[in-house]
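Okay, here we've got a single chain as structure tokens, the form predicted alone, with questions on binding and movement later.
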């Protein structure tokens, strides 16, 4: 039987100070053009926490409004607010920066994060308001600010700021290893903390016992290691430890933006094969991409919209007869020989696999592609990414005679969705819809969805190839006997017959 997609969760951590001090667009600008007009305006272009919480795409990301409801609000969404918006969503949560800094400390297993004592005591009671494990709430006493400033000035520690003030730092883990310098350790702790927060929400919101998890696959775009193994890992095991998955092991999968779709397929395959019963896929966020398109936004009078670290998690389990099944036999992929044209890439991920399954493009009720928020990408000149993907799928459908040219717009409207995910590379890649897919399919709203992830491998300067995989999720037909297997009724009949034969032999 096919495995099921059982639950999904999503988190955002509003991090305006990290936008200013850790996003590569801003840090690079400080080096190459320290007197730029952009740097003069960027601080005043940051949104408040309340604005981030009420921003419609963010409420969609944590499950409080659906993609259809977001679409009805009309673009652009900048300046609009969801009435009654909450930090707690049906699928996740939005956290303020001070709480997230506390989570970075909670993720610190080697005593490399130092927090200032007044900040520590101010944030400690806030943690009590969250339903998180004691490990994530346990903050040691802070230190004097002078100690932190000394670490930053004399030993190259990475500063942690909140509301414009230094409240802590991340120390380097090695004197000369660049892979363990303070900045890299900081980035890695952000991944671990945000990934763990997403997994914690997965367990809490869905009444899942962490001890039932057998395996964790982490699929962010960062990679931790040291000078002897730069990307050795293992974020997955560290996140499992932080979230009390005492019976789990795990590993990391890297595939740039496509990694979440890869891990979804890998998790499904492990469960399908009977290797593990419950596999969690998870990813933390990337501080490097905070404010990535900030220059374009500020130039157009917009606020910095890439102001939150994101994370997600999903649980793939043995078939329960209820939740959507993951069709491990309907999987697409961008192969080495696919080529790099948009038509070839999209065809390899959608129409080619549908042909093998005997399906038309209309048989997929919802396509979840790169669900990037167009509020972010359109002002940056990248266009409406989801819509562009849907139009390409529709064009291939016309070529295949699955639909008429006049039906393209209707196809996009009926089988596509507006984008709502933050542009953190891997985060938008198909998986933002997983939580909604569970609801839409189990409620009977749709029968079948395709999750599509694409990646840009050329960024690593090892190949010019693109990457991508896709998989179909569909309505669970209910528990059925495996083909060729003996049913329970047949077993009972055979046992009864054997008992009759045995009784008869006793009477002879």
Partner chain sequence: MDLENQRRVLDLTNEYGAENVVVVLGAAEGEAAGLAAETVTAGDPTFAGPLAGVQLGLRVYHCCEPEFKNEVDADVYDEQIGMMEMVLDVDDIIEEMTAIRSEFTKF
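All values reported here derive from a predicted model rather than from experimental measurement. Numbering follows the first chain given and starts at 1.
FYI, the form predicted together with its partner chain isn't displayed, but the following is about it.
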property: Stretch in contact, per heavy atom within 4.5 angstroms of its partner chain in the predicted complex, of 118 to 126, 249 to 257, 132 to 140, 398 to 406; result: 398 to 406
property: Heavy atom within 4.5 Å of its partner chain in the predicted complex - residue from 382, 81, 413, 275; result: 382
property: Heavy atom within 4.5 Å of its partner chain in the predicted complex - residue from 208, 270, 223, 388; result: 388
property: Contact of residue 343 with its partner chain in the predicted complex (heavy atom, 4.5 Å); result: yes
property: is_contact(residue 300, its partner chain) in the predicted complex, heavy atom dist at most 4.5 Å; result: yes
property: Close approach of residue 392 to its partner chain in the predicted complex, 4.5 Å, heavy atom; result: yes
property: Within 427 to 465, the residues that have a heavy atom no more than 4.5 Å from its partner chain in the predicted complex; result: 461
